[in-house]
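First, one chain by itself in structure tokens, the form predicted on its own.
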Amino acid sequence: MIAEETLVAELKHKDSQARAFEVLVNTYKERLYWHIRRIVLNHDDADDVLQNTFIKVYRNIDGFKGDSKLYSWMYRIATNESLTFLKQKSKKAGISDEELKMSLVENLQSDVYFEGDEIQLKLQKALATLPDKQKLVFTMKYFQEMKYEEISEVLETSVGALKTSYHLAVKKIEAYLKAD
């Protein structure tokens, strides 16, 4: 595993950029894919957003200043790309963001790449009812087991605010599951 500082330096240097980018993609593609997939829910959409994410990373690596970790910066790009993708998808379909979220959850059952059971499906339905911020925080904390400090870097939000968002998300999910 190459050190992050070395990788960033190689990404910014034209002679080593192609090889370094290949290392970057191979190192982060699975983690980023699952982060994106938990937001957009659909496999094909996740692949498209992942590709767009890596294109943005490639085009903007010179602007990476190292104030945060490289993966935090990439997660932020992936998160923004995912949310933008969903907004564009709902706009194209002429439906609200909430209607799109519910439609995506309903389509999970027919998605050959979805391996969840009935409980996972109920959880996805509950998540679809959450505001974007709460859903992101819950997903990153619960599914990806990220620390609040890491989530704070990605979402550029204080740890205290994240803890509040997570707590509210858990309460709403519990209430949804009890009512269902």
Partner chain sequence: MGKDKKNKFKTPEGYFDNFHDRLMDRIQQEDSQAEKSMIPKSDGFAVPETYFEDLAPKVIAQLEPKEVKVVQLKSYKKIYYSIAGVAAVLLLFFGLNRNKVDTVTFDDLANSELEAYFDTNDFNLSSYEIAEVVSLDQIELSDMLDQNLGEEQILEYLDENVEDIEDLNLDYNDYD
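The structure presented is a predicted model; accordingly, all values stated were derived computationally and were not measured. Numbering follows the first chain given and starts at 1.
Omitted here: the form predicted in complex with its partner chain. The next part is about that form.
Heavy atoms of Leu50 reach within 4.5 Å of its partner chain in the model of the complex, making it an interface residue.
For Asn60, no non-hydrogen atom is located within 4.5 Å of its partner chain in the model of the complex, even though that partner is not displayed. Its partner chain in the model of the complex comes within 4.5 Å of a heavy atom belonging to Asp132. Its partner chain in the model of the complex is approached by Trp34, whose closest heavy atom lies within 4.5 angstroms of it. At a distance of at most 4.5 angstroms from its partner chain in the model of the complex, none of the three residues Trp73, Ser82 and Ala128 contributes a non-hydrogen atom. Residues of 12-44 that come within 4.5 Å of its partner chain in the model of the complex, judged by any heavy atom, are Phe21, Glu22, Val25, Asn26, Lys29, Glu30, Tyr33, Trp34, Arg37, Arg38, Leu41, His43 in sequence order.
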